[in-house]
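Encoded as structure tokens, the following chain is the form predicted alone, with no partner shown.
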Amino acid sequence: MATKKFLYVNRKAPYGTIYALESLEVVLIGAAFEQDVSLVFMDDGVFQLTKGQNAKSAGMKNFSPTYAALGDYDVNKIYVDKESLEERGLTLDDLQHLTWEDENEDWAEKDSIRLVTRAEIAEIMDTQDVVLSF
């Protein structure tokens, strides 16, 4: 099977709809089939990566710890829209610290999250085979 470049664009808040959880499940499935997976978090989607989420009031399970497993699935291209963070009064320090281990550099731990502008996101989208928006 040929490897395709899949980009998952996450635009919704983590709770109140099923979009965020569905996206995460699809990402893990794509990665398990060894596709080249990237994620973008923009608009309210940036809330999906925030630390200390409490989903009880929404009546949903807090699935945010699952993002920490993305590095184990070789999902290490996680792009966060700088403008979306700023518009919501957030910084990178408000987000989970997601990492992956680079086997080519003696398993050095590296950051998975890359802060990018909307213009850079457009360039990233242009290089993908498939773009799915949630």
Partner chain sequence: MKFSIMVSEGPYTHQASDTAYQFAKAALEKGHEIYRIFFYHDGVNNATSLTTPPQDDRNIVNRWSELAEAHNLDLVVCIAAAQRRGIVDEDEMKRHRKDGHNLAKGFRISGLGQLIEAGIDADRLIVFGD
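Predicted, not measured: the structure shown is a model, and the values here were computed from it. Positions refer to the first chain, counted from 1.
Keep in mind that the form predicted together with its partner chain is missing from the display, and what follows is about it.
Look at 31 to 39, 65 to 73, 104 to 112, 88 to 96: in the predicted complex, residues with non-hydrogen atoms within 4.5 angstroms of its partner chain sit in 31 to 39. Only one of Val9, Leu21, Ile124, Ala13 lies close to its partner chain in the predicted complex, with a heavy atom inside 4.5 Å, and it is Leu21. Residue contact check for Val26: one or more of its heavy atoms lie within 4.5 Å of its partner chain in the predicted complex.
Annotation for 97 to 134: interface residues with its partner chain in the predicted complex are Val130, Val131, Leu132, Ser133, Phe134 [heavy atom within 4.5 Å].
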